[in-house]
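Next comes just one chain, in structure tokens: the form predicted alone.
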């Protein structure tokens, strides 16, 4: 039973990573400039550097890309809240 659970977990992890890589390649080439204005005109080195991170966090980037969210949300923590006048 434990072996079946572990195999299922590994297969789920492989599926997640595979989907992430399938998503990351077109996103890095076409979608990153729509999501992050600072990435417009970036070189291939930058795109290759962010590829593993995009593959790992692909659900978040897919959400931002489909909703056309351009800039990242403003961080809300006690320090930032107390610093506002």
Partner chain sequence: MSVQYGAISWNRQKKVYDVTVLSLLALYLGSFVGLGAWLHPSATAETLLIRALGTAAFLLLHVVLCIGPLSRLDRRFLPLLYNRRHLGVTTFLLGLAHGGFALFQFHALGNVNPLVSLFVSNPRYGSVADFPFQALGFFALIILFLMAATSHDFWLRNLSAPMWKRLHMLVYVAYALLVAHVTLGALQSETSPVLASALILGVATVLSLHLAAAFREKRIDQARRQAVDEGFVEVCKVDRIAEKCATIVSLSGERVAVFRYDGRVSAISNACQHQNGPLGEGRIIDGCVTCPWHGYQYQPESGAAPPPFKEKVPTFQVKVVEGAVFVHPRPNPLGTHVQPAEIESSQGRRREAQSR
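Positions refer to the first chain, counted from 1. For the two forms, the rigid core is made up of the largest set of C-alpha atoms that agree within 1.5 Å on superposition. Computed from a prediction, not measured in an experiment: that's the story for all the values here.
This protein has a second form, the form predicted together with its partner chain, left out of what is shown; the following refers to that one.
Q: Indicate whether its partner chain has at least one heavy atom within 4.5 Å of a heavy atom of residue 72 in the model of the complex.
A: Because a heavy atom of residue 72 falls inside 4.5 Å of its partner chain in the model of the complex, the answer is yes.
Q. Residue 29 near its partner chain in the model of the complex, any heavy atom under 4.5 Å?
A. It does not: once its partner chain is placed as it appears in the model of the complex, residue 29 has no heavy atom within 4.5 Å of it.
Q) Is residue 41 close enough to touch its partner chain in the model of the complex, meaning at least one heavy atom pair within 4.5 Å? A) Flag for residue 41 set to yes.
(Q) Can you work out whether residue 22 and its partner chain are in contact in the model of the complex, taking contact to mean some heavy atom pair no more than 4.5 Å apart? (A) It does not: once its partner chain is placed as it appears in the model of the complex, residue 22 has no heavy atom within 4.5 Å of it.
Q: Could you list the residues in 42-69 that come within 4.5 Å of its partner chain in the model of the complex, counting only heavy atoms and keeping sequence order?
A: Residues within 4.5 Å: 42, 45, 46, 49, 50, 52, 53, 54, 56, 57, 60, 61, 64.
Q. C-alpha of residue 14: shift of 2 angstroms or more between this form and the one not shown, rigid core aligned?
A. Comparing forms between this form and the one not shown, the residue 14 CA shifts below 2 Å.
(Q) Once both forms sit on the same rigid core, is the C-alpha displacement of residue 76 at or above 2 Å between this form and the one not shown? (A) True for residue 76: a C-alpha shift of 2 Å or more.
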